[in-house]
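There is one chain below, alone, in structure tokens, taken in the form predicted on its own.
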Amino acid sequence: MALLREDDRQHLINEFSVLTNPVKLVVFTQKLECQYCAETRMIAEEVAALSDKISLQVYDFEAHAEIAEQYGIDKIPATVIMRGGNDPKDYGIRLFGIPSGYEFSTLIEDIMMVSRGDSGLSAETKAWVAALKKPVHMQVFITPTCPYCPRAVILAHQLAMESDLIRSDMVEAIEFPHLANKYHVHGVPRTVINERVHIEGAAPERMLLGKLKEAVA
């Protein structure tokens, strides 16, 4: 049974008609003992089927452990959104957990952004990111029912697209409660930068930039 409704499918076909560069979805799943693994794979399959610009590669987390390690995948379900085609590029954009509810829009926006090849960030932010010397790891904790979470995730993914030194993870708090506890996630969205700096809510770009500067100081 399809997860996407027919009217949603038609809407996305129209949205994807403007895709330019190819996009590759890489999904890591597992047949046993993985909450929402099957659904995450189905979502990726149904979305990829809507455009010839979108390709999909599915790996088993255990059977393809070396590939998971190459992508830095340490939990599942996980989705990587990267440039595909003959010139592939992994921007460090990750979704850990099922991209459902409000977060389905994050998956779609990521696809559009990667295909466009432009993060859409301000000139000020792009200049700071271009001069970055230290690695940055951003984890944005979300729940599918949070309407403000996609904005926080997309901004983190925009930053990842701008620099090979930045990796940005969406982390679904309910699916990974041990991480939610570790990082004291009592409300979402909550963005954790380099393990020690955090910010609550869907912060505007300039405010998040200030936190990034603090994290690499």
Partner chain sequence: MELSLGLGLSKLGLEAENDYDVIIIGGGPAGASAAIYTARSELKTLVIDKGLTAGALGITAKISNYPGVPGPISGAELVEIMRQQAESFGAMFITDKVVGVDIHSTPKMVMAGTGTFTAKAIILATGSMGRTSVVPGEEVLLGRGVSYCATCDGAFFRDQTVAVIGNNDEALEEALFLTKYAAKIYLVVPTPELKARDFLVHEVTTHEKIEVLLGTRLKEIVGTELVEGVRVQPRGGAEALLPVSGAFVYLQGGKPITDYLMEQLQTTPEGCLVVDSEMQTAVPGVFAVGDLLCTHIKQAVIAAADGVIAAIAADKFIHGRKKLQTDWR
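Positions refer to the first chain, counted from 1. The model shown is predicted, which means the values in this text are computed figures rather than measured ones.
One more form of this protein exists, namely the form predicted in complex with its partner chain; it is left out here, but the text below deals with it.
Asks: Heavy atoms, 4.5 Å, its partner chain in the predicted bound form: which of 65-73, 23-31, 51-59, 171-179 makes the cut? Say which one.
Replies: Result for this chain: 171-179.
Asks: When the contact criterion is heavy atoms within 4.5 Å, does residue 195 count as touching its partner chain in the predicted bound form?
Replies: No.
Asks: Does its partner chain get within 4.5 angstroms of any non-hydrogen atom of residue 35 in the predicted bound form?
Replies: Residue 35 belongs to the contact set for its partner chain.
Asks: Is residue 147 close to its partner chain in the predicted bound form, meaning a heavy atom pair under 4.5 Å apart or at it?
Replies: Residue 147 belongs to the contact set for its partner chain.
Asks: Although its partner chain is absent from this view, report whether residue 8 comes within 4.5 Å of it in the predicted bound form, heavy atoms only.
Replies: Residue 8: contacts its partner chain in the predicted bound form.
Asks: Among 98, 129, 111, 136, which has at least one heavy atom within 4.5 Å of its partner chain in the predicted bound form?
Replies: Only one option qualifies, and that one is 98.
Asks: For 201-217: residues with a non-hydrogen atom within 4.5 angstroms of its partner chain in the predicted bound form?
Replies: In sequence order, 202, 204, 206 come within 4.5 Å of the partner.
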